[in-house]
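What follows is a single chain, given as structure tokens, in the form predicted alone.
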């Protein structure tokens, strides 16, 4: 939902600063675009259009005396400061506080930091509708994951993944699942004292028990006292889609995942 703001200052961002300050603020002007993931920048461009362009314009110069493309932010030198300005606002200047998810904030900051060099014309924008089709079909994602009470419990529930994981993180998970796997989701191999073998996904551990989802998605609690063998793997059981999906298909799936906010 678009949050209205009066012609004030989106981030109290007023052109100011020396070349040294500019270099400190915007790594991309120093030739380091790798500091921000392209998927985050592209997602941030969408967030900017939805939340900010009404006042600041698509080119960032819609408010008199403010040019967001300049990369010179008077009250936000670092990214954490930029987050604070966005989420608390400057009511006296007509800018409201914005309530954004962590993934939206990450994307918006990445876009603002790269607005001066990002070419929307060359952007490979993802389409969430196409992404849903790939997710349900070619990707066969519901055979392991669950979304809004539909699908398997073998892998993590993705119903609110778009509110918690950035676009860049989601893209990396699709390309290299092991690299992005959270420790709590690592595959486990258990052999009990009576010889029963259980393979699954770790959900939780405490002093006395281990909770996991087995390969059929069933929730199991095992007493540590009953273990003969317990191994945790750092290799994800999720396949890589690096070669299975095209760049456009990956962008579409990421777009769909970003739309999952638990609502």
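Just so we're clear, the structure is a prediction, and the values are computed from it rather than from any experiment. Residue numbers count along the first chain shown, from 1.
Keep in mind that the form predicted in complex with heme C (HEC) is missing from the display, and what follows is about it.
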Point to revise | Non-hydrogen atom within 4.5 angstroms of heme C (HEC) in the model of the complex for each of 51, 158 and 174 | key: yes
Practice item. Could you work out which of 45, 66, 210, 39 is the residue within 4.5 angstroms of heme C (HEC) in the model of the complex, going by heavy atoms? Key: 66
Check your understanding: For residue 94, is any heavy atom within 4.5 Å of heme C (HEC) in the model of the complex, or not?
Key -> yes
Point to revise | is_contact(residue 170, heme C (HEC)) in the model of the complex, heavy atom dist at most 4.5 Å | key: yes
Practice item. Report whether the minimum heavy atom distance between residue 238 and heme C (HEC) in the model of the complex is within 4.5 Å. Key: yes
**Study point:** in the model of the complex, residue 112 touching heme C (HEC) (heavy atom, 4.5 Å)
**Key:** yes
Practice item. Check each residue of 133 to 148 against heme C (HEC) in the model of the complex and list those with a heavy atom within 4.5 Å, in sequence order. Key: 135, 139, 140, 141, 143, 144, 145
